[in-house]
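First comes one chain, alone, set out as structure tokens in the form predicted alone.
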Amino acid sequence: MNTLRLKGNAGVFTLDVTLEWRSPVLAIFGASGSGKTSVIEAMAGLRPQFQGAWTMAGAKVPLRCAPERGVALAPQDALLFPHLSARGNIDLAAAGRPWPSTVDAAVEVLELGALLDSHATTLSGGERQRVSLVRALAARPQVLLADEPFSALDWPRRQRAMTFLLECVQRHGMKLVMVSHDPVEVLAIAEEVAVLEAGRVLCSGPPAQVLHSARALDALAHSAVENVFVLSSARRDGDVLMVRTARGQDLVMAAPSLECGMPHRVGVSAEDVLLATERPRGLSAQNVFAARVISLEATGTHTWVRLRAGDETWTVRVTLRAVEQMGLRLGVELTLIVKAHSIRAL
């Protein structure tokens, strides 16, 4: 069992976090300003104003900077030493020792070989972020703390980086605590997730359950896209894109500009999805398909409705009145409607 207790003044709110998790990969998730970075920086020993305790597998981990802790941080903004090259930054973390095999592998996976001798100030944001991640691995951490480690990476590199970190966890026994605002990342890499709101843990548990709970959806309603689909294919057809999700659902979306290229994933807000008790005719909406209600959770003035369409699951936000008028209940067959312009590339 791993545990974390933190309490202290975080400025706009008082941070008060209590967490327990068993798996080697924990994601800390939440809207902007919820306290995610404060938690990860406190674990890294950078927030001495916070009081608390941290244990991993029952062993106490001091909440202060010390090399013997076996903890390394990959910060969101990279924070490379500007007077050093990429190689110099990595060497500094290695503390005079040869690079571990994980670093050599990471350099190859993240395509950094040609950039190692480049000055840190000449690197792009994505390049700096990749170097920051490799630098953290060079410290041979038992626990890697990563604050939005993939936010500046394009989707193909993001996928490779996530796969590589999971291999580090599985092959080398490294533990990972990762901050993310991206539900796809959390679902792909984490075994447990904690959702924060105003410095407190709103809910925690397996990502597939937590991220679709009413409490989490309410907390993220103004900052998240509730329906996110990874794509298996996309092709342009005039002013639209014909895309297929990884689970085989075909969607039509407004085509982005030619410079944007083809998307690897798309998102739809829960408020941009319409439901109908009968299949309508003569609609301008390009996406109309059958769906079945698999859960309903009422919170305050609205209800979160989850539906299965083919092999994909959709989340829709409707009023309590709509639930009553439409007779929504488990198992009801409906028609799900999405405009092409409501689907956007992520």
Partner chain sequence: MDAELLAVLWVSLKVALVATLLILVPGVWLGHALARGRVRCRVLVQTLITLPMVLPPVAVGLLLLRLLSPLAWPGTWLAEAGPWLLTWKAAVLAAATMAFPLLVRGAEAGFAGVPARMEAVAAGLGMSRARIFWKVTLPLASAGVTSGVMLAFTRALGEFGATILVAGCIPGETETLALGIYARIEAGQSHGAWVLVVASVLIALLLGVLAERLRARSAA
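Residue numbers count along the first chain shown, from 1. Just so we're clear, the structure is a prediction, and the values are computed from it rather than from any experiment.
The same protein has a further form, the form predicted in complex with its partner chain, not shown here; the description that follows concerns it.
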item: Heavy atom of Ala72 within 4.5 Å of its partner chain in the predicted complex; value: yes
item: Contact flag, Asp91 vs its partner chain in the predicted complex, heavy atom cut 4.5 Å; value: yes
item: Heavy atom of Asp77 within 4.5 Å of its partner chain in the predicted complex; value: yes
item: is_contact(Pro280, its partner chain) in the predicted complex, heavy atom dist at most 4.5 Å; value: no
item: Among 153-161, 247-255, 272-280, 77-85, the region lying within 4.5 Å of its partner chain in the predicted complex by heavy atom distance; value: 77-85
item: Interface residue in the predicted complex among Ala31, Ala309, Leu46, Leu296, criterion: non-hydrogen atom within 4.5 angstroms of its partner chain; value: Leu46
item: Contact residue in the predicted complex, from Gly58, Gly300, Pro62, Pro67 (heavy atom within 4.5 Å of its partner chain); value: Pro67
item: In the predicted complex, residues of 135-167 near its partner chain [heavy atom within 4.5 Å]; value: Arg135, Ala136, Ala139
